[in-house]
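Only one chain is shown below, in structure tokens, and it's the form predicted on its own.
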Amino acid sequence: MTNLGFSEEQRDCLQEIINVAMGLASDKLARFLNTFVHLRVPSIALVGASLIPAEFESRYRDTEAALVSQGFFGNEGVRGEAIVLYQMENAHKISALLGYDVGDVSEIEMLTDISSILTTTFLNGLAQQLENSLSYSAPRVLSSTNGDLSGMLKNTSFHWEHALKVDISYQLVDHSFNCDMILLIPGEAVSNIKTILDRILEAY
């Protein structure tokens, strides 16, 4: 976080806001699936957006992966992309977790259900703390079973020069299932968020 141009107060404020939003999302997922969700401290960094597809490709090398991507747009220039990534070997476990019978819905539909819980709950919590209001684009589902994951990622929002990347990992303790949620905020929107953080800090 030290290379993002945030003051120490802004940095601490942003970290706390993300922690609260992450906790809300994990709590809703845990209640929905009746299990405990383990969280790691989220990684937050300013990165070159063009390098992100290669990073994901490295992380999911030699395994089939699915990705659900959803853009969000708010007031005061707040915008970005929320991405949830899964290993496809975990996908068959989702049916039992959601209470579906075999053949009721496709694996992609089940992945989208889980993504909706995590993405909307996290972003709504984030927006509430930023005193903002967000709207969302329709989710897009990509799968490495249909082609190169890195190549498909380049067709999302990675034309940005730089992005603030928040990397969150969710793991279901009672099940061998985990997923990663990546929040990407383009560089120009980071400056707008810093202004909002200053306003929140002034209020306290």
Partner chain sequence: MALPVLICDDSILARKQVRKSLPESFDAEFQTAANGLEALTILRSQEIGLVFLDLTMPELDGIGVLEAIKAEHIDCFVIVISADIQPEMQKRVMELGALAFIHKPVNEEKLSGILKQYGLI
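Keep in mind that this is a model prediction, so the values were computed, not measured. Residue numbers count along the first chain shown, from 1.
The next section is about a form of this same protein that is not shown, the form predicted in complex with its partner chain.
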Checklist entry - Quick one: is D12 in contact with its partner chain in the predicted bound form, heavy atoms, 4.5 Å cut-off? => result yes
Item to check | D27: touches its partner chain in the predicted bound form, heavy atom cutoff 4.5 angstroms | outcome: yes
Item to check | its partner chain contact at N19 in the predicted bound form, heavy atom, 4.5 Å | outcome: yes
Item to check | G187: touches its partner chain in the predicted bound form, heavy atom cutoff 4.5 angstroms | outcome: no
Checklist entry - Which one of L33, I44, V37, V141 is close to its partner chain in the predicted bound form, taking close to mean a heavy atom within 4.5 Å? => result V37
